[in-house]
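Encoded as structure tokens, the following chain is the form predicted on its own, with no partner shown.
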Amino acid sequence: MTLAEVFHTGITVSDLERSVAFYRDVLGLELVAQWDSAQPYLRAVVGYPDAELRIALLRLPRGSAGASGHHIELLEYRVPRGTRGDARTFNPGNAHVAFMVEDLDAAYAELAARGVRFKSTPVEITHGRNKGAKAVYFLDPDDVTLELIQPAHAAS
């Protein structure tokens, strides 16, 4: 088997409207589509025979520098209703999504002014393949960890 590319990243959320507003209005992603589904194929894929989901698909806006075909898929399970797990990043099974930015300090200031919760201020990466870059973790409305990373600037 050969994997071709990453199609989307799915994130389960507790309130689809609130999460769409965060990812679209705060982070600037473009809403591609939104729908409800209780289709038999979906129930089989997710492994819950009575599943009812609300789904939204978002992406970086077309024309963005570095925009890819990758989508963020937000899933709200109406049935069965889930409960929030322990989202701390050291727990196995938790993941994060990293977004590249050109100016991390400006992005941090803008998002902090909008009430986004950060785990720290921007930090310079001092070791490894991303040495010279800057990064910071922040949280979405369901405490899903997201990351902003500013690549190291090439020496002139």
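Everything numeric in this text was worked out from a predicted model, so none of it was measured. Position 1 is the first residue in the sequence shown; the rest follow in order.
Heads up, the form predicted together with a further copy of the same chain isn't pictured, but that's what we're talking about next.
Check whether Gly93 has any heavy atom within 4.5 Å of a heavy atom of a further copy of the same chain in the predicted complex, and answer yes or no.
Gly93: yes, in contact with a further copy of the same chain in the predicted complex.
Taking any heavy atom pair closer than or equal to 4.5 Å as contact, tell me whether Arg54 reaches a further copy of the same chain in the predicted complex.
The answer is no: Arg54 has no heavy atom within 4.5 Å of a further copy of the same chain.
Is Ala152 near a further copy of the same chain? Define near as a heavy atom within 4.5 Å, in the predicted complex.
Ala152: no, not in contact with a further copy of the same chain in the predicted complex.
Ala113, heavy atom within 4.5 angstroms of a further copy of the same chain in the predicted complex:
Judged by the heavy-atom cut-off of 4.5 Å, Ala113 is well away from a further copy of the same chain in the predicted complex.
Of 109-140, which residues get within 4.5 Å of a further copy of the same chain in the predicted complex if you count heavy atoms?
Heavy-atom contacts to a further copy of the same chain in the predicted complex: Glu110, Leu111, Lys119, Ser120, Val123, Glu124, Ile125, Thr126, His127, Arg129, Ala135, Tyr137.
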